[in-house]
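What follows is a single chain, given as structure tokens, in the form predicted on its own.
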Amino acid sequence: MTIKEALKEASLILKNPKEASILLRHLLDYDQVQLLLNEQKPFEKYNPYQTLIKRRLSHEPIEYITEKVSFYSREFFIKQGALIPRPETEILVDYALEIKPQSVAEIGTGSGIISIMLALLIDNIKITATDISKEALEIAKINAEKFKVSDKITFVHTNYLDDIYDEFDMIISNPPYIAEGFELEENLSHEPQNALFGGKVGDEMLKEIVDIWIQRKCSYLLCEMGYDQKESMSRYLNKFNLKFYKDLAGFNRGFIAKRGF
């Protein structure tokens, strides 16, 4: 069997030629050009390739299989233990970059992508990034080292901002905001559930973060939220300057709150 034949077979099994190619290139450590140049060579990794295919057929996200995820046109390390970054979170980063804060607390950093992008794109910024998952923090630290921003980010294993008393210009978060009992797609079953479910209604953790922001007297609060949570968050933040934004699909996806000044 040639490499080309193996790819054709996998494309039929997965019913997805693109994913079959991604898995094959990952296995062979080839880019697209190398794959084309070598497609007539004998394929010597049939069994390992079948293992990857079986993992994908079990609905394991392809990002966990390859341990790679694209965010903000950069390639980050990812594996089970941290939520897979979604493209809509880039919008949250965009709004933070417009503000250009100098001191930031990120609650629930996960793979670290938000803090790392801010560290890469804002000079002299200092960030405290927290998570309750030690596994997620290890992934975030690997990414910070990869992009050489470890000196700008302090990773802390804690709940919210417990036992952290620094002052911040901004709190930013992409917290869990799905309501308990909501039926998820099968691929989401592989992702950390504590990074998905935000409480019985879904907005409980968002409101906890708002309370922390109010107590800390930070200037800005930026959060991602569920598409159906605009009304509840509007009521909860009615004393502050508030702007909601939509994702690329046109759904309500987050908000920027700031104190009157």
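Small disclaimer: the values here were computed from a predicted structure and weren't measured. One rule holds for the numbers: they count along the sequence shown, beginning at 1.
We do not show the form predicted together with a small molecule, though everything after this point is about it.
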Task: One stretch from 117-125, 152-160, 85-93, 138-146 that, in the predicted complex, holds residues within 4.5 Å of the small molecule by heavy atom - done: 85-93
Task: Non-hydrogen atom contact I113 with the small molecule in the predicted complex at 4.5 angstroms - done: yes
Open item on the list: Although the partner isn't part of this model, could you tell me whether P101 comes within 4.5 Å of the small molecule in the predicted complex, counting any heavy atom of the residue?
Closed with: no
